[in-house]
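Read the single chain below, which is given as structure tokens and is the form predicted alone.
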Amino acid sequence: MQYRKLGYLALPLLMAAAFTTQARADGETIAVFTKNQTNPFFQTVRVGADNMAKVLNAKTLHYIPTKPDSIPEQLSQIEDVVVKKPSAIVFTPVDYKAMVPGVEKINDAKIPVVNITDRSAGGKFLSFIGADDYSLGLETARYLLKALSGKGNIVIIEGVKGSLTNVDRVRGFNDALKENPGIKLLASQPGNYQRLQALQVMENLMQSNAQIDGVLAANDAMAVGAIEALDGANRKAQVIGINGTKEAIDAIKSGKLLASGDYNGFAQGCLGTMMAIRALREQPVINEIVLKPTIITQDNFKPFDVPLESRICPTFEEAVKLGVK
């Protein structure tokens, strides 16, 4: 429960912490790189970054590929940011290996950079802020399989093949399946973290499988796509997602979605921006924060049912208490 409290703290506490961190300077520009505009998770990250920048009297500049997860486009955006030279960068690579040369260009330009969400395979960073994808996959899958009483037919809709988040989440799914020998895995196919692609994958899976009892989706956008496919075919199955996005909360409230593993993109945006600004102000930073998962269900969704713009970033003191190395 410690983690769940993170995004919903009292404003006076935050303002007090912010006041103490503005002693050296302000007005910095933080360039925030996210992977796409199609996954609501990254909108959550961006709002968290904006929130923290505003509190600390800095400003953000967002770099988002117009084509989701485009490696060439993000590389081009890095070329642009190196020229514009912001105060610091908060960086999510669209591909954890392919973007290493880009990170090295940022390093060569001596622009401080914080890595969030997907851990880069190389380059130098002030901090890493992310979540435990394996635990997210394992715990959300366990919740679904328990709801099915450990029996039935399951399909997995994966994210982008080869991406770190997908590899770890699907590994968690599969380990949960190993704990339940009464569950049959019918198929495991990629939906590339996109709602429309997941909808199409689910439609195809339903054509070849007369009975699907559960769907393990590696993010909320794909879970919503799977639900739309089920509704379109007038079929029922228990579905879980990951990310704790607003659309997932709405689907949990309406009973369409069983659960979502909270990846807390809002906190990732907050903390990544916080560390960048603190480094610029020559204040201590935390080298690594790996956020623990929370499974959001109909029993505990209310604290998460808060508009993004109304959420409050954690303080540095609270960040210190997290899973910090």
Partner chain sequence: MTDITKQAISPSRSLVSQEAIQVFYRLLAALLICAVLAVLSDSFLSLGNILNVLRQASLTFFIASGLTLVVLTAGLDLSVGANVALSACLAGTVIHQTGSPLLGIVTALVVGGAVGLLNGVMVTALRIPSFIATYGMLWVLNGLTYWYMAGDTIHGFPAGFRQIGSGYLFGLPIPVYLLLVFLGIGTLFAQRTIWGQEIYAIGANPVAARLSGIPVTRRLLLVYAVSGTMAGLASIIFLSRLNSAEADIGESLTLPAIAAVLIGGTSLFGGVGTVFGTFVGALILTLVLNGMNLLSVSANWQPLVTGVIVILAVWLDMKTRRRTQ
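Residue numbers count along the first chain shown, from 1. C-alpha atoms forming the largest set that superposes within 1.5 Å between two forms make up the rigid core. Predicted, not measured: the structure shown is a model, and the values here were computed from it.
What comes next is about the form predicted together with the partner chain, which does not appear here.
In summary, among the residues Ser127, Thr92, Gln194, Thr165, the only one with a non-hydrogen atom within 4.5 Å of the partner chain in the predicted complex is Gln194.
With the partner omitted from this view, the residue of Ala221, Ile116, Leu136, Ile240 that lies near the partner chain in the predicted complex is Ala221 [heavy atom within 4.5 Å]. In the predicted complex, the partner chain stays beyond 4.5 Å of every heavy atom belonging to Pro293. Interface membership of Ser149, defined by any non-hydrogen atom within 4.5 Å of the partner chain in the predicted complex, is ruled out.
The partner chain in the predicted complex is not approached by Ser254, whose heavy atoms all lie more than 4.5 angstroms from it.
Within 4.5 Å of some heavy atom of the partner chain in the predicted complex lies at least one heavy atom of Ala187. Screening 204-212, 100-108, 176-184, 117-125 for residues having heavy atoms within 4.5 Å of the partner chain in the predicted complex returns a single hit, 204-212.
Contact annotation for 154-182: residues with any non-hydrogen atom within 4.5 angstroms of the partner chain in the predicted complex are Glu158, Lys161, listed in sequence order.
Put the two forms on the same core and the Cα of Val114 is off by less than 2 Å between this form and the one not shown. With the core held fixed, the Cα of Asp231 is displaced between this form and the one not shown by 2 Å or more. Core-aligned CA deviation for Val94 between this form and the one not shown: less than 2 Å.
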